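Take a look at this single chain, the form predicted alone, given in structure tokens.
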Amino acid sequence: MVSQGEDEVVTQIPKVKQVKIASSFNEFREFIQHNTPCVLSQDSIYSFQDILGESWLREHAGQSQVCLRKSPTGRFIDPSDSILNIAKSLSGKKITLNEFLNLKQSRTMLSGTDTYIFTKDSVVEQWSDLWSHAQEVLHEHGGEKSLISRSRLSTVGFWLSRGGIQSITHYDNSLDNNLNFQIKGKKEFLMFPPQDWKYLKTFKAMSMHPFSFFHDIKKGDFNSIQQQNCQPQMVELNEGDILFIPSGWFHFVEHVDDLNINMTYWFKTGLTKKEMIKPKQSLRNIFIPMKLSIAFLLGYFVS
């Protein structure tokens, strides 16, 4: 948009809409019930938000086996990157949690999709100490502080990351809702509603746009027709914040601080498959999926 005065022309950069901020815990619950993306930013509600730090992890889970992932570029994964760099980002190495904490290397990550605390209706034994606190989110244990019932819980993932990481724009292909607890450090989310699939060059549950597409949007540079038609929302997630990402919403995530600790609760929507809004596929260039497939296979042989 351009406004013109007598002596100057001022270009107004369009601003990306901010995710709704809940003013109270009850309002946060209401937003969840209405499938509205929202963030709750206030003092810690659950014990794990206070205790879960590097020293606690070393004492209670230091010997736990985790899957280390690292990227030469910090991108997990940019479709426009080289096949070799994508392969390196996809490859994983089994180490202990203490080894990861000792490494202190930027662009490294323990992925919540590798490191489950709760899955297949049971607790993963090596994370039992953490689970004793994490279950406070459930109706059966949290009382008036609870958000979901155990019967709706699918999985709980635990994330650790170092700064300089960006993760591919995707929606959770389980079509579960997502409760995202930022415990230490800071992350930035750029989110898109499910109906934006037609502008995001989607393949399966991922966007195949190069990361520059999303960097431009964050800066307010809506250069292409596809960018202009998107309906993005942004949020900066700081320590103690809880983000609700409804089923089918795409998210592009940047891990900002030297050490980021995050827990994700994926839980069922209560809708039938017919009632769910599942984004469709819009990618027409078959060479990009072929490139990713080659990189995935190559990931088994590189480190």
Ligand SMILES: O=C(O)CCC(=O)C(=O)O
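In case it trips you up, residue 1 is the first one in the sequence shown, and so on. Since we're looking at a predicted model, the values are computed, not measured.
The protein also exists as the form predicted together with the ligand; that form is not presented, and the subsequent description refers to it.
> Since the chain is shown here on its own, which stretch among 115-123, 95-103, 200-208, 175-183 would lie within 4.5 Å of the ligand in the predicted bound form, judged by heavy atoms?
Of the options, only 175-183 has residues within 4.5 Å of the partner.
> May I ask you to check whether K187 falls inside a 4.5 Å heavy atom distance of the ligand in the predicted bound form?
Contact with the ligand, yes.
> Does any part of F244 reach within 4.5 Å of the ligand in the predicted bound form? Heavy atoms only, please.
So F244 does not count as contacting the ligand.
> Check whether H170 has any heavy atom within 4.5 Å of a heavy atom of the ligand in the predicted bound form, and answer yes or no.
H170: contacts the ligand in the predicted bound form.
> Check whether V253 has any heavy atom within 4.5 Å of a heavy atom of the ligand in the predicted bound form, and answer yes or no.
Yes, V253 is a contact residue.
> Within 4.5 Å of the ligand in the predicted bound form, heavy atoms considered, which of T264, N35, S64, S41?
Contact check passes for T264.
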